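Below, in structure tokens: the form predicted alone, a single chain.
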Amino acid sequence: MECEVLIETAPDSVGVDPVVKVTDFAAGRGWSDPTQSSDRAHWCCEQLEEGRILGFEDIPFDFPEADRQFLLQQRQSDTRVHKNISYRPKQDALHGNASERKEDAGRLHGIMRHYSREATEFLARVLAPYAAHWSLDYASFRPQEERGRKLPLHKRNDLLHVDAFPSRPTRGNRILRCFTNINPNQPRIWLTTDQFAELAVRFAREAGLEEIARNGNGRSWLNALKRAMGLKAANRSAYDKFMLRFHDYLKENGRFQGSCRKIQLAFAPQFTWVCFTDSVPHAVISGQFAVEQTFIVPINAMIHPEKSPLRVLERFAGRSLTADAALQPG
């Protein structure tokens, strides 16, 4: 089954499908023509950097049916604390577990560990130019139905936004995410809209880019106080500060949410998709049971770094958004 694309409102549409389907890579065999693997991986990276979504009609890595069936039985015990069930590969730690039974918790941990490793190995082949450079971030399982989910405004998934992590600054590096819909019957419905550069042209100034750029990359007094007290504090660059603000601004902007061009994407059961969620605006309208693995890809690993959100915003701001504030041009 494939991803269905529906443009709901498209006064400025140029007819470009945001989802690019990759049909020559499959679980267990990799690229259908191994002699072209390098070229194909390079092409896949370029598509992502253009702001497109790579799609795979079947799960392109090992994900046993028994594991998926077990996940379909899971629920979260307290969604107020954990938005999703998350797995942290570097610490081999699971958070947001739903079951009080030790054997179920152990099985869930093992499934998420296996999923994370398989998804990472898969993307290391499909996106080989990035693999030697990326940093492995969190994986997650999303057992909640998204439609009608009660979350605070800035945590809502059903409002169009670009990703930024409050606790994990990227300093201009990219947020790459791989999703799979394991729901056996229902699609996962996304919305997307105009690409990041177009949104930045329209809204970056109003969202506070100039002020944040002018104030530079210096550490805030609050973070300095936290460090003095021995507490963990995020070391955010001006880029991170703006991306967090832009994430919130887009969700708060009812005029944008209501009137922007909308493209609806229906990701079918077993469909896998990959994109840079810091530049692909997205909202999750409905769907239950999805898994996801995140990577942080350095900007110097990009084939076209000038197309990254960091470089787009720096051109608008006329200065570096990641360098030390004292070294910035006037």
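The first residue of the sequence shown is number 1, and the count goes up from there. Just so it is clear, the structure is predicted and the values come from calculations on it, not from any experiment.
The same protein also has a form predicted together with a small molecule, omitted here; what follows describes it.
Tell me the stretch among 280-288, 62-70, 297-305, 32-40 that has any heavy atom within 4.5 angstroms of the small molecule in the model of the complex.
-> After filtering at 4.5 Å, what remains is 280-288.
For this chain shown on its own, do 142, 161 and 190 all sit within 4.5 Å of the small molecule in the model of the complex, going by heavy atoms?
-> Affirmative, all three are within 4.5 Å.
Given that the partner is absent here, does residue 179 sit within 4.5 Å of the small molecule in the model of the complex, heavy atoms only?
-> Residue 179: contacts the small molecule in the model of the complex.
Taking the shortest heavy atom distance, is residue 157 within 4.5 Å of the small molecule in the model of the complex?
-> It does: once the small molecule is placed as it appears in the model of the complex, residue 157 has a heavy atom within 4.5 Å of it.
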